[in-house]
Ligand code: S3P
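Only one chain is shown below, in C-alpha cells, and it's the form predicted on its own.
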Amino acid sequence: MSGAQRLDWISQPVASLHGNVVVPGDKSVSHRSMMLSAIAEGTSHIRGFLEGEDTRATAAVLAQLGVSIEAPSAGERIVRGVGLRGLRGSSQPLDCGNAGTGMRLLTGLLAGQAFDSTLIGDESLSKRPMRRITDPLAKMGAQIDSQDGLPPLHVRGGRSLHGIRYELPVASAQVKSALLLAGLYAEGSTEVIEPHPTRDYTESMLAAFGWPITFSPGYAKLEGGHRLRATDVVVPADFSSSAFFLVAASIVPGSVLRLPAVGLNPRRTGLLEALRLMGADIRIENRGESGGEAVGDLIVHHAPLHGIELPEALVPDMIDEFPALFIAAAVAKGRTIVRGAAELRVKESDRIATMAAGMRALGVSIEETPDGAIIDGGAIGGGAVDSHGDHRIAMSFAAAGLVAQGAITIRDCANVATSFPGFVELANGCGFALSTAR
C-alpha cells in the first residue's frame, strides 16, 4: 500500500510560523471507532475519521469481512454494524498495510471468530514483533501462527476463548486493547494490569458503545457475553500529529500557532508536559469533550528551551512523540536525558537508532543508550537524513529544517500518508518551507 513510490522532502529555514493549524483526526480513535462500529448492532456515524492509509487499511479489512461502510464525505464514515458474531471470513489475506495498531487490534478481534484469517502487512510492518499479543492471546485459548513472532499472522477460528488476568511486562495500549477485544468473545472476565498507565481509548469507547467495563489508570476489566450498541463518534484532532507543530513553533523565534480541538487524553499528552518542563509556552483554551475524549485548543508561542532529564513516568504517555522531542532537545540549551523508552526500538523503525543517525548527520551531539538517548543541545546543521520510511521521523526532521543552518533533505517520506495526509500543504500554510522531490 505505502512506500511504492520513493518520495523525498527538502526542509529549509524560515523566519517564523503563524496561523491556525487544523490537524487530522486522531489515528488511535479512528481505528477503534471503526472496529467497534463494525461489530456493534445498528448504524454508527463517525465524523473526523482520519483519511490516512493506516485507518483506511483497517476499514478495508472490515469491509472484506462483510461490513458495509459508506464514506459520504472526507472524514465521514457510516458503518452498518453486523453484531458481535456477524463478521464473515475471507479467503483472501487481510492487508493491514503499515498499520501496527490495526494488525494488533484486529488480531484480538479475530481470535474469537468462527473462521480462519490471515493478516499481512507491508515490508515495515512485517518486521514488527507480534509475540507481545500472540502469547497472551494464546493464554486465552487463541491459536495464532506467525513467522517466528513476525507477520503474517494466521488466526485460527473456532477456538473457545476464556478470560485471563494478565499483567503486561511492558506498558502497551495496543496489547491491552487486543486482549480486551478478544475478551468480548471470551467466557468469564478479562483483566489487564499495566506497569504504567497507557491511553484508555479502547476502554472509553467500549463504555460509549454500551459494554460494561471497569477501568482506571493502569487497569481494565470486562466480562464476555454482552452486546455493543451503535453510537455516533466525533474523532478529536490527533495530538501526535499536533506534536510536530508544537515543537516547530517552540523552536522558531517569533512563532505563534493555534491548534483547535486537539484530543487531550492525559494518557496521550506526555509531550505537552515534557515541553513545558523544557520551558515551552503552550496554553490550553476552550476545553471541552468530543466523542467522550477531552479536547482543547493549543496555543503555542516560541520560547527558549532548556535540556531536562525526562521523568520516566511520562514515557508511556508520549511513546509516539519521541522523534519530535529529540528535535526540541537538539535545539535546547544544555543536556536532555531520555531513559525507559526501549519500546522505541520496535516501532515503524528503530526510532532511537534512526533519529540518532539523522541527528549526527546534521552535527547534533547524541549518544544512544539501550533505552533512550543523551542529547546535547546546540545548532542543527544542514545535510541529508534517511527516515527509513518512518512517518514520525520524517515529520520531525521537517521541523528541524526550520531552524537548521542549511536545507535538510529527508529521504523516504512516502509513509507520512499513513498517519498525516496533507502534511506538506498544512505545514507550508503556517510558514514551513517544505518541498518534495521524487
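Start at 1 with the first residue shown and count on from there. All of these numbers come straight from a predicted model, not from anything done at the bench.
FYI, the form predicted in complex with the ligand isn't displayed, but the following is about it.
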| field | Selected contact from Asn265, Thr118, Ser290, Ser172, since only one has a non-hydrogen atom within 4.5 angstroms of the ligand in the predicted bound form | value | Ser172
| request: Heavy atom within 4.5 Å of the ligand in the predicted bound form: which of Thr101, Ser204, Ser146, Gln113 fits that? Just give me the one. | output: Thr101
| query | Of the listed stretches (60-68, 44-52, 371-379, 24-32), which one has a non-hydrogen atom within 4.5 Å of the ligand in the predicted bound form? | reply | 24-32
| Distance check, His302 to the ligand in the predicted bound form, heavy atom within 4.5 Å | no
| said: Taking the ligand as it sits in the predicted bound form, is Arg199 in contact with it (heavy atom to heavy atom, 4.5 Å or less)? | reply: yes
| Taking heavy atoms and a 4.5 Å cut-off, does Ile319 contact the ligand in the predicted bound form? | yes
| request: Please check if Lys347 has a heavy atom lying within 4.5 Å of any heavy atom of the ligand in the predicted bound form. | output: yes
| Can you name the residues of 118-145 that have a heavy atom within 4.5 Å of the ligand in the predicted bound form? | Arg132
